[in-house]
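Shown here is one chain on its own, the form predicted alone, set out as structure tokens.
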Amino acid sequence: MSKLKNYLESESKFAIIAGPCSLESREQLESILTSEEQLSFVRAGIFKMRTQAESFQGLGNAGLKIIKELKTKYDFSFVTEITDPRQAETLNEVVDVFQVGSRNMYNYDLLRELNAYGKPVLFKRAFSATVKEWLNACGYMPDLGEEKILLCERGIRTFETSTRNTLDINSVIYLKQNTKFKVIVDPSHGAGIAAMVGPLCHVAMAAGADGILVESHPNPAQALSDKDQQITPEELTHIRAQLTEIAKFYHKEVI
């Protein structure tokens, strides 16, 4: 928790939040933790909202048990999506940062519930929301304020079909120039193409973002969700090395 607290209080740290789209097994997540030893912020979906009802929707309570076990062995802050206010009490046992996904940006009952818990929230922009609508939604978490809400730009829906979404870098720059929120960029959903993740991470840092949210899987081809946009742990390590090298030009420190 001290690393998370230090990050939230710092203006110069650039966080790499990485892990699989969905938690599939203890072995899967442990392989990420051991191959990326510098990883302090881990993301993995336990409860997944999927467009198709028959798609894998996470391990649920079994996933909670896995995270509890891994937290006794490794030092990391855990980020996962909450999809329903009724999950808050259970997830609170293992979560350091609640993630609100795009489909729930307008779920004001969920936002009010998270406001009461007081933990940091990684708040994703809805598919077609304006920046003003996104910021207005933050008003449902007034006790968290700009100190504990991390705005996550994950790409918006446009007429363009060559990529999964259109990553709105304008919003990152605008938010950094006009608010005090930390801004995280999700290049995995922004493009939906694994080969584009690395370059978009560079763009995120250049735009002034405070970190990236990346999907990484030990074997992306066999991932149960979003396999086309997940990178390997080796690729993640390479991206970290690149960002560490260029961070000095932007007065940032990669953590």
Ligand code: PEP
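Predicted, not measured: the structure shown is a model, and the values here were computed from it. Each residue number is its position in the shown sequence, starting from 1.
Below, we refer to the form predicted together with this ligand, which is not included among the displayed structures.
With respect to this ligand in the model of the complex, the three residues 43, 101 and 124 uniformly fall within 4.5 angstroms at the level of their nearest heavy atom. Proximity of residue 182 to this ligand in the model of the complex: non-hydrogen atoms within 4.5 Å are absent; the residue sits far from the partner. Taking non-hydrogen atoms only, residue 21 approaches this ligand to within 4.5 angstroms in the model of the complex. Residues placing heavy atoms within 4.5 Å of this ligand in the model of the complex fall in a single listed stretch, namely 93-101, out of 171-179, 93-101, 70-78, 110-118. In the model of the complex, 154 is the single residue of 125-158 with at least one heavy atom within 4.5 Å of this ligand.
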